[in-house]
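Here you get one chain, nothing else, as structure tokens; it is the form predicted alone.
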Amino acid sequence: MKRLEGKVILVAGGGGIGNALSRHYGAEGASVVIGDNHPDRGQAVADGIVAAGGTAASIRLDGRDEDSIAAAVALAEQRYGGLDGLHVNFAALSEARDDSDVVNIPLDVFDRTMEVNARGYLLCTRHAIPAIIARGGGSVIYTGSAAAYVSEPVRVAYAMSKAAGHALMRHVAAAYGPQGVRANVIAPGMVRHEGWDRMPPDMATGIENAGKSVAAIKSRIARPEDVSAMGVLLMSDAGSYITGQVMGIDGGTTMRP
């Protein structure tokens, strides 16, 4: 039996990691609802899951738009009978180049980053929790970042937003654990995603070598499938006693107790 057979999972946020999450959850037997603010991309992933023998649907989901989040949860309930898992994976990446230090960051960059990465995660959670409880419990996963607990001279908004996501995870684990809801964060390090090959080769090689240099495992950097493998564990019954944790997928770049 596949590890996620009979489960319904909403993946909020596509792209390199999100697409791998959706495909892996579908391959393990879950009915997957892909919520992406690029509907064509989400539909292409859903079509691929169906072509491979799985079950999937796509819907537009924007972390800034509460109605779109509510509609994604409603689709899971109406089409597949409920919701067992939520994986929130989106981020305001377009703001990253202007996300500087606390003195110089433009406030509109800070506000948009927090709106998507913190408020958006809260909105997804508040709409999914009642549906998950109605199914008798399940799993909530947030894609986080080591930026939440390591120091950097830049990306203050991103780091603050990811710390907020970690705090939200702990709240959900504590508040809804008695009702069968588990919550965890997966914190990837550098990931060689689908867009990697669109970078200039010299830039891609330099970034990859920098990632390898700070990791304990130096043979490669992470792949999206490394993240999705942890997601499958946390969504499955095999992970039923894991909650309130931050799982680092970074080849030993960070080592925390």
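This is a predicted model, so every value here is computed, not measured. In case it trips you up, residue 1 is the first one in the sequence shown, and so on.
One more form of this protein exists, namely the form predicted in complex with a small molecule; it is left out here, but the text below deals with it.
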item	value
Leu93, heavy atom within 4.5 angstroms of the small molecule in the model of the complex	yes
Partner contact for Lys218 in the model of the complex: the small molecule, 4.5 angstroms, heavy atom	no
Distance check, Val116 to the small molecule in the model of the complex, heavy atom within 4.5 Å	yes
Partner contact for His38 in the model of the complex: the small molecule, 4.5 angstroms, heavy atom	yes
In the model of the complex, the one of Val232, Met190, Ala57, Ala27 near the small molecule [non-hydrogen atom within 4.5 angstroms]	Met190
Which of 72-80, 167-175, 182-190, 102-110 sits within 4.5 Å of the small molecule in the model of the complex, heavy atom basis	182-190
